[in-house]
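Starting off, we have a lone chain in the form predicted on its own, written out as structure tokens.
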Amino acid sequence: MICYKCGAQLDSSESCPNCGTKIKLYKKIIMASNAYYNAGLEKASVRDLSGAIDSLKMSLRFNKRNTDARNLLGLVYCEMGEVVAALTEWVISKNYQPKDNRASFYLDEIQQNKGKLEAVNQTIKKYNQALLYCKQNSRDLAIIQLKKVLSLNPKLVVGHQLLALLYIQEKKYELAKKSLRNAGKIDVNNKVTLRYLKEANLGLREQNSNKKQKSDELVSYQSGNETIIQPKYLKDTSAFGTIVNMIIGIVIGVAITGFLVVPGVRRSAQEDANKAVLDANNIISSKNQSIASLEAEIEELAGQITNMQIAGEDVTSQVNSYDQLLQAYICNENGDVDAAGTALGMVQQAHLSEAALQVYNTINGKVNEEYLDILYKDGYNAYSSEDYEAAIEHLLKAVEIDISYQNGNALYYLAQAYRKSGDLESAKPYYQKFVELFPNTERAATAARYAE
């Protein structure tokens, strides 16, 4: 254990042997964090993944630099199919401990497996589409989409839970229980899974009760070797009533023969001819539909290929932004402000999570001031030594970060460097910008004259 203030190794005393800081409470906090980490490890070992997540989050609340707990949390998220959350935890862990960190291995494994990254991206898109179908009350389409999601990522617990919920709404309780059992194999003690399973069992019992009630309304008895089934409340009729019913049946049979059978024979030939024509039309229509279906499938597959290519580029760009952020952090810690500023310029903030964005803002605030000073000094020295290409390179970076830096000196010398290098077209807009930002100054008059 090291001192949180000076980084010295601690002993059993209640004060830091190096700086004298009181560390009794700090030790208790670290012990609490380790205790929750151990509890999370035990729960993860018996596949109580949701319980492990709760314990590991508590561990990180006590000590956010507990990289073992953060790495394990990422593994648990990955096991539950939530790869993006896992990547976030591993990047933060690598940020806190750049060297000898298992998170580096996990990130390399994900980055090297391009197929895995594409599958993750497709899973996210299809799951979001399923949620949209649910909001639109299109449960059939949502079920189809979720089946595609689970074929790509069978470990996605929330996908199994949402599919089971849709089955419960459709009163398909057996299918709901099957989905919930699949979720239970991944996370044995998930509270949402157990609550849905209780609802499915309750609905199944109600269905069985209704079936039993209908079966109770029928009675059966043996007549020789045959089983006779009839309604429970059927009333037996007398012999006279039976004879009357038989006579009525004979009369009805004769009437049906006279009015239906004879004309039916006449229509039979015409119906056979019509049926032959209809069958031929159906065959032609079926072939046309098959051709249209195949063409639509080809278009859909082409669209999926395009989406997968775009998704792969998005994931690669996101991982590259995290790598550049880590590079900027390391360079800043080593005092290489120039390299840190260059790395920060290649980070795309839109790809960063909230935690990573906080790290970016912290580093950016420290680096910008020193980086601007270095860029301006290098640019001005190059300008003074008539190395105008180098001066343009450094001063252009400084102006892009802060156009008013050094009361406009960076902007003015950039225009001068362009003019003296012979690039008058590039110099003109910078002279005009200087006149706009710093009017009524001696250099503004000079800049206006050069611009003309």
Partner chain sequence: MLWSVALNNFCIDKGDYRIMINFEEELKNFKPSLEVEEAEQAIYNHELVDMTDMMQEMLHEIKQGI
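Owing to the predicted nature of the structure, the values given are computational and were not obtained by experimental measurement. Residue numbers count along the first chain shown, from 1.
Keep in mind that the form predicted together with the partner chain is not shown, yet the notes after this line are about it.
- Relative to the partner chain in the predicted complex, residues A340, L396 and E436 are all farther than 4.5 Å at every heavy atom.
- The contact with the partner chain in the predicted complex, taken as any heavy atom within 4.5 Å, belongs to N128 out of N128, N334, N282, N245.
- For the options N63, T67, S55, Q416, the one in contact with the partner chain in the predicted complex, meaning a heavy atom within 4.5 Å, is N63.
- Only one of 376-384, 355-363, 114-122, 283-291 lies within 4.5 Å of the partner chain in the predicted complex by heavy atoms, and it is 114-122.
- In the predicted complex, the partner chain sits beyond 4.5 Å of every heavy atom of D187.
- Proximity of V91 to the partner chain in the predicted complex: non-hydrogen atoms within 4.5 Å are present.
- Contact between L202 and the partner chain in the predicted complex is found at the 4.5 Å heavy atom cutoff.
- The partner chain in the predicted complex comes within 4.5 Å of a heavy atom belonging to Y26.
- Contacts between stretch 177-206 and the partner chain, counted in the predicted complex as any heavy atom lying within 4.5 Å, involve R195, Y196, K198, E199, L202, G203, E206, listed in sequence order.
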